[in-house]
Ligand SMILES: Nc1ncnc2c1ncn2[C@@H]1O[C@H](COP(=O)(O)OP(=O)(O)OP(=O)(O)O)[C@@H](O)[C@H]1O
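Presented as structure tokens, the chain that follows is alone, the form predicted on its own.
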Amino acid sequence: MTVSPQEMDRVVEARSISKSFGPVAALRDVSMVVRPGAVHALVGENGAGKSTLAKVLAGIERPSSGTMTLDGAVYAPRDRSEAKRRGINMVPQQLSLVGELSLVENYLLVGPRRLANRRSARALLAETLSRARVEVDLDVPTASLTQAHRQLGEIVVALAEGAHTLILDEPTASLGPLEVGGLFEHLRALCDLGTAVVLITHRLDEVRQVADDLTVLSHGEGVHNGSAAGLASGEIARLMVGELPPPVARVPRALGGVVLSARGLVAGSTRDTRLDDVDLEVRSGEILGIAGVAGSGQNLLLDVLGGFVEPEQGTVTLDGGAPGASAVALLNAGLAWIPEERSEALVPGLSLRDNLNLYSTAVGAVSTERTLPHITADLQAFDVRPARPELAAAGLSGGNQQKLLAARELGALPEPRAVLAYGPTQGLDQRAAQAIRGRLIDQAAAGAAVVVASHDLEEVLAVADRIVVMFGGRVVADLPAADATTDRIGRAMAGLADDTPPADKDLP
């Protein structure tokens, strides 16, 4: 590692940090040391305080008590702008790049200089790309970049702003396995230059793969702060959530008739690749997994299946009903919907109770209003914390908002006939993710047709009976779960040819 003495002095230390929001204590006496040239993983169950600690470090939130230092000097940023001036920047999970603008133009929006000088901005970004050993097109609209390149572009903009400490919130959530490996190579290259990286993640294999140091939070308290070396994934999980219950057993299910069918789908969207002649069938009792890197068409496919986007060609039918039904008609027919962006399905300003009863006020929807006992039972069953029906959804952590959404769509009322779930366990710790997967399996066992789309292969492989892979708006692989190895699916997600010999061919 070639790190200068000046860069090695950039140690960020948080001591006894506490943070409360009204009566809720998000952090209690948490300490953490972030070293230059190292990847520091920050993990914990949903609501453990990870995002709050990251926001304190990034100047977005101010601690209720405790102190921080940077290079031995007092570090108490008044806001995010001051933290960025001191060299600490946070890249959120929901990337902030303006898709219609290039990376150069995005930098001009946020860069420290008051005068917009495109030539000097481009030169600075080009130099930053070279130093970080990253290749990203600086001049095209960022919406046209792959998800991996948008992620790298956001990091490059932060570096160009002068960041020596990067806080990355779930940076691999929308990446396929090959893209994750590429991102980690770039992070190691940044560490070689002296950059400190704080990596917030729920994927414990990533901790073992890339982290030098590790902080584990549990219920707002630090339960581990030190080296990541020698810690197995199971040990980290136990630090986070204690002993995990065994996963739901994968037992064969008798499949019924076709419940959800798509024929010859052709459709376009501004946020995803066009669908090109997509056929799909999902039977009663079946869980179909849809894998693909971001922008491969699976997001648009679920929008079409859910009745939110009308296809230019082709048809969608649910349970033998009339093709081309609207989203409300499909809702009334028993379709449950968990989108990739939870903001599309939850209203942050409404209470947990009103979010659970959202469909009861939808124009044309059959009333499915939950009573207070039902609401309380669903919040507890899905471990939404805090389980206070009157609390605004905006007061929940991202993971608990995801559990609230799952409680509405997969709870006791109504019983779905089909489920469309995009990344249903994204942002969830292992215990919560395991519980949601169990719910999806239960829905299939009750006769529902379940579709689970995700960039996360673990999420798909954990529940799917059959897996299709999308690339460039087409289905490029359709495999039973027994034949769907990580390597085989990963290659298909990257658009590479399947070199697996046919199963009935004798091997030497």
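Since the structure is predicted, the reported quantities are computational estimates derived from the model, not experimental observations. The first residue of the sequence shown is number 1, and the count goes up from there. What we label the rigid core is the largest C-alpha set whose atoms superpose within 1.5 Å from one form to the other.
Unshown form predicted together with this ligand; subsequent notes refer to it.
Asp383, Asp319, Glu281, Glu170: which sits within 4.5 Å of this ligand in the model of the complex by any heavy atom? Selected residue: Glu170.
Name the residue from Ala448, Val460, Ala26, Ala41 that puts a heavy atom within 4.5 Å of this ligand in the model of the complex. Residue within 4.5 Å of the partner: Ala26.
State yes or no: in the model of the complex, is some non-hydrogen atom of Gly49 no more than 4.5 angstroms from a non-hydrogen atom of this ligand? Gly49: yes, in contact with this ligand in the model of the complex.
Hey, in the model of the complex, is Arg150 touching this ligand, heavy atoms inside 4.5 Å? Arg150 lies outside the contact set for this ligand.
Quick one: does Gly411 come within 4.5 Å of this ligand in the model of the complex, counting heavy atoms only? Looking in the model of the complex, residue contacts with this ligand do not include Gly411, since no heavy atom lies within 4.5 Å.
Partner contact for Asp456 in the model of the complex: this ligand, 4.5 angstroms, heavy atom: Asp456 lies outside the contact set for this ligand.
Can you say which of 118 to 126, 172 to 180, 392 to 400, 70 to 78 gets within 4.5 Å of this ligand in the model of the complex, counting heavy atoms only? Selected range: 392 to 400.
Given a 4.5 Å distance limit between heavy atoms, list every residue of 192 to 223 close to this ligand in the model of the complex, or none if there are none. Heavy-atom contacts to this ligand in the model of the complex: only His202.
Using a rigid core alignment, state whether the CA of Thr317 is displaced by 2 Å or more between the shown form and the other one. No, shifts by less than 2 Å.
Spell out whether the Cα of Gln380 moves at least 2 Å between the shown form and the other one when the two forms are superposed on their rigid core. No.
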